[in-house]
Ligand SMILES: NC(=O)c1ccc[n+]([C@@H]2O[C@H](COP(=O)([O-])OP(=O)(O)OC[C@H]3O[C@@H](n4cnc5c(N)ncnc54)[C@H](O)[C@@H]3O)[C@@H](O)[C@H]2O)c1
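Encoded as structure tokens, the following chain is the form predicted on its own, with no partner shown.
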């Protein structure tokens, strides 16, 4: 028996237009799942669909804003009419903003409440709560499902500068454990992944100078990472498939898997 076979499963990847969400979508499709990519950028969404189909997988793009309940409900209805009830949900949407970041010229006491709230809406409400509510309800009705939330190393140990982001991602960890307890009786598992540092478009300016050389922050990250490098996006794929598979991880819920090259295990 192939423990990681996801044939006949329908997976929803919110934030599948991004780098790490895209890896999740590709990995799930490669394991046989029908994959629905949800995001706001139709062009990138269709590109991801084309990539999956080129490799023999099945994929569909549905435009939606993860932070808007009505938008997600419309996406849900489209999925139900097209393919049926999803059994896998990956919440990979989220991000950071300069307004919620601390710097020499922008101390923590200058962060506005509305900017803090905006990041919580992006990472905790849209990045986990609303999708879990809308799709988790369907999974509970059918008696099975696997939900995978994206946390962050900064959820475990608050990193310098990214105070609002760190706090919102800590909320994702807490929500994951709560939902795991609530939904275990109806057959729905809820886990999270903590990625280490994976270069992507949204954080590239923090990690590399204009000439491509690493910034001081990058050197600090490498020094603190046991494996002394950044992660490669494809290194998340196997963990996603493991948590999605009922056969491989049927007794795993309420846990967080760190894919961080040893970042959180490194001390002085």
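Everything numeric in this text was worked out from a predicted model, so none of it was measured. Positions refer to the first chain, counted from 1.
Below, we refer to the form predicted in complex with the ligand, which is not included among the displayed structures.
Residue heavy atoms within 4.5 Å of the ligand in the model of the complex occur in exactly one stretch of 34 to 42, 52 to 60, 208 to 216, 238 to 246, and that stretch is 34 to 42. The ligand in the model of the complex comes within 4.5 Å of a heavy atom belonging to residue 122.
Although the partner is absent here, residue 196 is a contact residue: one of its heavy atoms lies within 4.5 angstroms of the ligand in the model of the complex. Residue 94 belongs to the set of residues with a heavy atom inside 4.5 Å of the ligand in the model of the complex. Contact annotation: residue 17 falls within 4.5 Å of the ligand in the model of the complex, judged by heavy atom distances. Of all the residues from 42 to 66, those having a non-hydrogen atom no more than 4.5 Å from the ligand in the model of the complex are 44, 64, 65, 66.
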